[in-house]
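Given as structure tokens, the chain that follows is alone and in the form predicted alone.
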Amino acid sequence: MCRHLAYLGPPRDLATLLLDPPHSLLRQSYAPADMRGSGTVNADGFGVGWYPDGVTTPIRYRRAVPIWTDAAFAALARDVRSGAVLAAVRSATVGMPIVDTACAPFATGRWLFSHNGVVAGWPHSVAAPAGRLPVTDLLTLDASTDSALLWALVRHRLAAGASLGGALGAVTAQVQACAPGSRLNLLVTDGTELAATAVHHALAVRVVDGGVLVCSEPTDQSPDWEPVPDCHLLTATPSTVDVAPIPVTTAEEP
């Protein structure tokens, strides 16, 4: 079912964000606390995207191995600092490929994206919205997975001028309408703001030291974590957090 995390705020090294906390993303990869009946570990790969200081195009590191086996990343994480990070550990849905390109974060231009969940009835349930995408978008998916298709749907709206929250909210509502029961925790950032949905899965947010941290599961026992209600959309910058219900749409909407 995957776990993901995003951070915006004063620069921190990747290890401080992803490896060191008592319930870090590293620990969530082998001992998650809230998988909600779908999988037991997140060992089918991981990925991290970050924005170097003054650069709007992110750098990514993705591998189809458990994060705890990658000594090279553990060393890299001590030296890389960023004020904008999106990371994920993966639990692949049965039948979907386990390859580097199937690991979040997905990226285009300045955007990074992750999906924690599963599309019910894949792939037939989402054939209609997929069919409304440009053919080249379908031919260039990173992988033949539900997450990669969700990114194509979100990216298409972003490229048309939608806001981060507007794109996530619209795609989440659209997929809920045509694939009821899907778990759709989506997360996207452009390095200056982020948006996330909580749909039939857990998500928490914490304002911390001049920044904001959004995670599938809290990374520590701080009382400052706030759960995001089900079927709600979170939008945030380093200094603001807003949570609102996801608008309702129909399966026929573009």
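A residue's number is simply how far along the shown sequence it sits, counting from 1. Being a predicted model, the structure only gives us computed values, none of them experimental.
Only in words, not in the display: the form predicted in complex with a small molecule, which the text now covers.
Please name which of the stretches 165-173, 139-147, 123-131, 74-82 has residues with heavy atoms lying within 4.5 Å of the small molecule in the predicted bound form.
Residues of 139-147 come within 4.5 Å of the partner.
Going by a heavy atom distance of 4.5 Å, is C178 a contact of the small molecule in the predicted bound form?
No, no contact at 4.5 Å.
Given that the small molecule is not shown alongside this chain, does A92 nevertheless sit within 4.5 Å of it in the predicted bound form, heavy atom to heavy atom?
Flag for A92 set to yes.
Taking heavy atoms and a 4.5 Å cut-off, does A107 contact the small molecule in the predicted bound form?
Answer no; every heavy atom of A107 is more than 4.5 Å from the small molecule in the predicted bound form.
Non-hydrogen atom contact A6 with the small molecule in the predicted bound form at 4.5 angstroms
Outside the cut-off, so no.
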